[in-house]
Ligand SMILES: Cc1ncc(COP(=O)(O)O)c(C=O)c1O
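We begin with a single chain expressed as structure tokens, specifically the form predicted alone.
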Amino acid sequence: MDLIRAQERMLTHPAHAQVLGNPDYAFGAAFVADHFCPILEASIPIIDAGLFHADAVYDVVSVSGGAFFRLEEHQARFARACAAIRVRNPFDREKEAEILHELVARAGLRDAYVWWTVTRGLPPMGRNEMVDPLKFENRFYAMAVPFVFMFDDDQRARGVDLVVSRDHIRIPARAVDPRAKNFHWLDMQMALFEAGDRGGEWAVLTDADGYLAEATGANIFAIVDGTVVTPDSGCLEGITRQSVMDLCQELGIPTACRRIHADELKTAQEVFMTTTAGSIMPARSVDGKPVFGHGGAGELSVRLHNLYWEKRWAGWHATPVRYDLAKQEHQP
């Protein structure tokens, strides 16, 4: 089965072409605290705790063919993340959605990567006030830029070369809860450098006991004895991850969320990753060895990838972008 070349379609099909009203927004749109601006003009205060303490949560939702995918679920996850780290979103759910819609509309994007965050913001200047989360001025930032795949069509079609990190583990959940999507990426970035040093293209991290947590910025899946399995802890509860579970249920394929030791990847029938920025990404090797001897993208991985995009473009969990908001020049 050939992999649907989603990136090529987004770049060439008329239904995915950018329709730009204001050339200032050609590279994307941003929202900074209380106003919209072209992304190249966006900035944050250097004393924002999101910058110097990585003290923030964020989320990412994608747009393709002029529609958000599972927007309400992304917003619900973001609200849970804010509650988990005790920051207050300055906007309610309805206003937050309106801002995201208007960002995409101002940039005229039909396919977009839409990112937003609430940071701890500006720290209190009074004595002994750092212990009170209510004393911080939490701040909201967001952006919409053209969609860019984590791996291109050719890489996804032949499968990605994965490396399980030996030198780094995922930050333990008792230290930083991975269910609250956060800025703490140093463990993952160092694992990526390690993967490059070992001839790989992407990294997978485990916990201290060798059980899989997640790949860098992605959930990890394996097909073991005919069952699609993914870690049940130590990872983000990904929206694309849930989409795979839904697709498997539709196809009658058994799934399980459980502890998975890294050694199980050595005998897995297939391995793949999932993330908003890459959809479903098959792997062809783990630690330099072909997955299950086939040395390419697995058949089921490709089938899930193709079904994901077919259903998305047919309106699955779609929220059409409100392009009429591009005509608004008000300050919220």
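Note that the structure is a prediction, hence the values are computed from the model and not measured. One-based numbering along the sequence shown.
FYI, the form predicted in complex with the named molecule isn't displayed, but the following is about it.
At a distance of at most 4.5 angstroms from the named molecule in the model of the complex, all three residues K181, W185 and A218 contribute at least one non-hydrogen atom. Taking non-hydrogen atoms only, G108 never approaches the named molecule to within 4.5 angstroms in the model of the complex.
Under a 4.5 angstroms non-hydrogen atom cutoff, the named molecule in the model of the complex has T276 among its neighbouring residues. Using a 4.5 Å cutoff between non-hydrogen atoms, G238 counts as a contact of the named molecule in the model of the complex. At the 4.5 Å threshold, heavy atoms of E214 reach the named molecule in the model of the complex. Listed residues R156, H101, R120, R77 were compared with the named molecule in the model of the complex; R77 is the one with a heavy atom within 4.5 Å. In short, of 191-199, 225-233, 239-247, 140-148 it is 239-247 that has heavy atoms within 4.5 Å of the named molecule in the model of the complex.
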